[in-house]
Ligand code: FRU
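Just the one chain here, laid out as structure tokens, in the form predicted on its own.
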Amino acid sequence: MKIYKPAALLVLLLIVFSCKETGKEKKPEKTTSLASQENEDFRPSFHFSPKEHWMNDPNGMFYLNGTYHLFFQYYPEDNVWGPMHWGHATSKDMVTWEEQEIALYPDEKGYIFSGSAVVDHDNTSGFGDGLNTPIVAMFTYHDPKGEEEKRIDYQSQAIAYSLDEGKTWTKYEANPVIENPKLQDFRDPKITWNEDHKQWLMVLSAKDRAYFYSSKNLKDWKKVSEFGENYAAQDGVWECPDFFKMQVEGTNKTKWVLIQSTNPGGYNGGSGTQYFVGDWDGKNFTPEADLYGKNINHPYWLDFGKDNYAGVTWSNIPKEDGRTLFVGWMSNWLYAQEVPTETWRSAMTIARELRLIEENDDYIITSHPVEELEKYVGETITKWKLTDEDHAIVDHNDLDLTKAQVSFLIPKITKDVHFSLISEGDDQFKFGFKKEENEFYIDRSASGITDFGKEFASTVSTGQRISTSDSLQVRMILDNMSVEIFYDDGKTVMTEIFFPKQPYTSLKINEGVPVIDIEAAEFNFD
């Protein structure tokens, strides 16, 4: 990710960082006036956010003994990016979170940049004590002194282990386990167990491509291949990769999926996350376009909105569960350090289940809010069809839109569709579908507080519609400062944040568009 650094750190930090890239020359000025809503008013009700200070990439996510662990890039001394630590939070259901003590601190080898963690059930690492299963985390060391000296080898890969289910960690005495091969951008290791070849497999971002490594013991790693030269988005640095096998829905076929964040170069500018589907032979990843010479007919972006970046999946999900579970950082490096929250900055997306489907001879990843969210659904309002003269799908008489989900169906699209989230003031968050262009859009130019960063509302976001259906299915998750819109059963997703001067109280649609099967509910976390 792109990183913006405080002035006090510029002596040490120059150009490139974990899941980040170039930096501004001074610390952003803090916002002092936020009209009727400010700071804590924007804090999400059920998306994870730190109690205070700065957060970015999700890291080291694993599941064990009924608990989901989420680690994250964290700077505990300011609300902008700084020397990176691994923060830590835990949850029983990926919805309500409890923040824990900081897991990993910077040391003489450098800052603790992004990475991953796995449960080493067979003690292949030898870190186990015979009683406790080791958790092994792999992360990038970022050496600020090396960067200051203008070396290009100041990022290397290291490991740490935990024998108490992630509460405390011991760094490996022989770190780093992978030295830098003379690359300025060399970071964000993501590990998985490759059952077919009985080895640990790791993917690592290396400037404009991904490097693949294998290991038998999580300590000794061998590079086996690389992928990405001249593929897809190449306008920025590749970061925060993930690599895993998925079963194609409704079939016995399996494919390998490479998730690859890039910054800049996102679909709508700044940060974005693309994906590739293909095969893995134990050494090389071959995407579908190369396998069958297909004409790729849709852009492979996990989320078309501006605010879902650096997302990765949880490791060690039980086979009987079988889901691929994902969470991303809900912001964008274009303005992340300037948003109008002072005591804390940034939140994660809701946890999502990723599914792989085959449609029209193409493979598509769809995204869905995790089913655990449903247990927090309160009283549900249903309407067979829209009858209100003011074209309100939901208004303040129905429910509180600051923590709600809304779903509905447009049975036949015959014209452009325009939605507006509207506050009691004059704030409007506009989004919808343009039929001729076959694309969705989000316009937050009048959404509320927008003047904190020139990139926040200066352009309208767009997202390609992948479905070819005449009808349009919409599901929205709303939480104080964010909306996550899942179109067409998750085939196209758009996530964006906003800061209205007053809370949004109604959702309206333009005249002449039929809406049926409306279902809306507040979330209840009491």
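Don't overthink the numbering: it's just position in the shown sequence, from 1. Since we're looking at a predicted model, the values are computed, not measured.
Here the subject shifts to the form predicted in complex with the named molecule, a form of this protein not shown in this document.
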(message) Give me the residue from W81, F326, F440, F456 that has a heavy atom within 4.5 Å of the named molecule in the model of the complex.
(response) W81
(request) Report the residue, out of T495, T492, N480, N56, that has at least one non-hydrogen atom within 4.5 angstroms of the named molecule in the model of the complex. (result) N56
(request) Using a 4.5 Å heavy atom cut-off, indicate which stretch of 113-121, 361-369, 387-395, 442-450 touches the named molecule in the model of the complex. (result) 113-121
(message) Check R187 for me: does it contact the named molecule in the model of the complex (non-hydrogen atoms, 4.5 angstroms)?
(response) yes
(message) Check Q73 for me: does it contact the named molecule in the model of the complex (non-hydrogen atoms, 4.5 angstroms)?
(response) yes
(request) Evaluate E239 for contact with the named molecule in the model of the complex, applying a 4.5 angstroms cut-off between non-hydrogen atoms, and reply yes or no. (result) yes
(request) Tell me, yes or no, whether F431 is in contact with the named molecule in the model of the complex, where a contact means a heavy atom of each within 4.5 Å. (result) no
